[in-house]
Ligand code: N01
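One chain comes next, on its own, written as structure tokens: the form predicted alone.
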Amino acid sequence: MTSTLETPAASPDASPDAREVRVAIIGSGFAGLGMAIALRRRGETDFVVLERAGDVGGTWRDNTYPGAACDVQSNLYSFSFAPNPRWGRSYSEQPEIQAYLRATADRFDVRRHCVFGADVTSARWDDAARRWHVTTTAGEFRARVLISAAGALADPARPDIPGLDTFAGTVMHSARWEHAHDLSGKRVAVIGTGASAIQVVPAIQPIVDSITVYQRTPAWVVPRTDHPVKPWTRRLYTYVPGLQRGIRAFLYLFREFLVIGLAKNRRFLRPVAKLARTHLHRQVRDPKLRKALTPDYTIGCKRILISNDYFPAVAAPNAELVTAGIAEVRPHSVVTRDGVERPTDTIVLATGFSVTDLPIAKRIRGREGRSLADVWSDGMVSNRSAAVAGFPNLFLLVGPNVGVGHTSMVYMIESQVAYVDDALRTMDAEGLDVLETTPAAQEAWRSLVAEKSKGTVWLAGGCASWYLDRHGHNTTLWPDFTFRFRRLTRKLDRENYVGVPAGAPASRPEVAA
């Protein structure tokens, strides 16, 4: 139900043209759409979804590089309340996932709440007005509650390579693919060997003149059990939806077993490592290349990748794997540290995203004007991965320690959406203008995550990954079974929040009884 709480007077510096809303959501990927749909399903209509692009979709709208696909099965990588019986493949490709998100937005009538072309340049908490002042490229907004669903895979990370800006050819990041640029007959350099690279390389290798893959650290790769979904299976899913739900549950439980090896006892990862080694030996016959592609760290320390065609593409006659490290980029070539210069026409940066230093954090300022980035200078902290002390009425989706490397992020997103929705319901039920978590609560959550992270493969597996921040702390992944995260976020932990009732004088919130 839409709130009817009294609106405090605007502060003197507030724009008179600012649009007043109860909730402002940043981003329209799985997280933003999931939150918007939750609000719509219970009758809340006073909200906006601020999207910097021209359509919904988030990561799946932006990542259109050749070969882009999901590494979680289609039946699991979707909203639980919006199953799609018409998936074309067991592992969906980017266009199909984007089409699903667009259709889901239309089905639940949330597109009318979207403001496209609204890149959030700043969001500032106003204690006097008890509102968030949000400035975007599409206008200003005043919101009682701000929900950031910007996500961790939103802003591409560009490597700091000497001379990269002097390159005379085309440089593009995999997340900002330039489809107008024809790669046919080009000499292409791919920098990086992560999740996007192992999809890009096989997709473009057959059409380029030559492809050079610059590898810093090899990845563990297991077979991809992908196949088309037969028409009769799709019809069965349509008329017997319980069957698809059952398969979804089986896939969830099957993937959850991997947590035992990742976070509990690494001996359980040995069968997975054996599978990966067998896969490599079968596909790469050259001993020298095989050695260069063999990781020296425990499987799971970095993201486990799935592919049937990456190794054959790297072993192709027009491909070269380079492990020497890049010294510099020149206008028409790439030079490695061993002094070899390779003529290059196009550079593809498959270098991932800014994950442990979320760019949106620099734009959100809470009490006393401190940005979220400033508060997180020593590492990201939060309560339940969703709230930060000093930032009233702010909730994070896909925040610190929500990431998973073994299962569907949509499961974690739905867990967070339920938690945030309960927080909004609590504000209405108690007549609160302000709801804010405590420093003690977020320190307790950080301690819990740190304790659960001890001995996990991510900290003790012998690698350096984007899961860890510059201090070596796990601020990205949830280091336990995902059903435990859901249990901890099933409802708001009200005892860890303080609030200001509507109409109460402006002051710091007092601890609730």
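Model, not experiment: these values are computed from the prediction. Note that residue numbering follows the sequence shown and begins at 1.
Below, we turn to the form predicted together with this ligand, even though it does not appear here.
Under a 4.5 angstroms non-hydrogen atom cutoff, this ligand in the predicted complex has Ala69 among its neighbouring residues.
At a distance threshold of 4.5 angstroms between non-hydrogen atoms, Arg216 is in contact with this ligand in the predicted complex. With a 4.5 Å cutoff on heavy atoms, Phe481 does not count as touching this ligand in the predicted complex; it lies far away. At the 4.5 Å threshold, heavy atoms of Pro159 reach this ligand in the predicted complex. Here the chain stands alone, but in the predicted complex its contact with this ligand, taken as any heavy atom within 4.5 Å, falls in 301-309 among 358-366, 276-284, 249-257, 301-309.
For the candidate set Trp458, Phe47, Trp445, Tyr65, a heavy atom within 4.5 Å of this ligand in the predicted complex is found for exactly one residue, namely Tyr65. This chain is displayed alone, yet in the predicted complex one of Leu435, Ile211, Ile191, Leu293 has a heavy atom within 4.5 Å of this ligand; that residue is Ile191. Residues of 400-427 placing a heavy atom within 4.5 Å of this ligand in the predicted complex: none.
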